[in-house]
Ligand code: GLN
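Next up: just one chain, as structure tokens, the form predicted alone.
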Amino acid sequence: MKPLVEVLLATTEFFRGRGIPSARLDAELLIGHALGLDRVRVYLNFDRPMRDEELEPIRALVRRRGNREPLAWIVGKKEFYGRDFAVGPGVLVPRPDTETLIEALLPLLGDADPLFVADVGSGTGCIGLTLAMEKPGLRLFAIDKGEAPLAFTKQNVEALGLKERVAVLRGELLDAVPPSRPLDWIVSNPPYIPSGELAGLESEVRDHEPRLALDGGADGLEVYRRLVPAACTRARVGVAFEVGSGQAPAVAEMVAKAGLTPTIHKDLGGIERVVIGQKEPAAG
């Protein structure tokens, strides 16, 4: 029987050979996931002999990661804004950059009850559901057109105990919300990667994550051209969009042309990541 540390080192080297940048971390997380151990307990069990029946499920997970399947898909969850969200094939893995939208928008939402928000292209639901968790008066319409994203959104709604405040709807952009339903805010993280750049993405993204959620057309702005005018017309208070690098000025211009006052917010890397539009300028 091999000790756990030997399995960890061998897995790390295998991942490095497959070009995985976070080889050691991924090895620790996958082995811990298979054994039901957190990273600290993995270290505390370095000398633990590994039985054959324990090694087989580890090998299966290692093969998947070696094929560059996203780690979050394999372990079935990804942390976003301090909460775990169920993820898997068919949805984008939540990114830390998207937390910029949460941080920028939360102070603007106020404490109205009810506050009606639509999350267009919900995916895992991480944006809209996080806002709902942070604002008890918020009522959410989580909208997507894919079966897999809707299934994961529903799973996360259930896990977070939000069934009474969230409607999960299938449809194109805002079509699923009846025109008679007032919406205070509309938020979205649309596909924004230019089609010509998809081939250069990391294998985890290019070969696994859904193209529909990535491909923003020739310049990455195809969905914004349809969504921004519609959202700005429907929203009673404002809109918030995540954007790709270099796209904020163009999206802000769309927001301004639609009659809202845009502001741009940078992520932790200094990239202009979020465009917020309001019917009236924010106080101060």
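Since the model is a prediction, treat every value here as computed from it, not as a measurement. The first residue of the shown sequence is 1; numbering continues from there.
The following text describes the form predicted in complex with ligand GLN, which does not appear among the structures shown.
*Asks:* Where, among 65-73, 49-57, 230-238, 213-221, do residues come within 4.5 Å of ligand GLN in the predicted bound form by heavy atom distance?
*Replies:* That would be stretch 213-221.
*Asks:* Just one of V205, A104, A167, L160 has a heavy atom within 4.5 Å of ligand GLN in the predicted bound form. Which one?
*Replies:* It is V205 that has a heavy atom within 4.5 Å of the partner.
*Asks:* Only one of A132, V177, I193, L183 has a non-hydrogen atom within 4.5 angstroms of ligand GLN in the predicted bound form; which is it?
*Replies:* Exactly one listed residue reaches within 4.5 Å, namely I193.
*Asks:* Give a yes or no on whether every one of L92, R95 and N189 sits within 4.5 angstroms of ligand GLN in the predicted bound form by heavy atom.
*Replies:* Checked in the predicted bound form: all three residues contact ligand GLN.
*Asks:* Residue-level question: is D26 within 4.5 Å of ligand GLN in the predicted bound form, judged on heavy atoms?
*Replies:* Although ligand GLN is absent here, D26 would stay clear of it in the predicted bound form, with no heavy atoms inside 4.5 Å.
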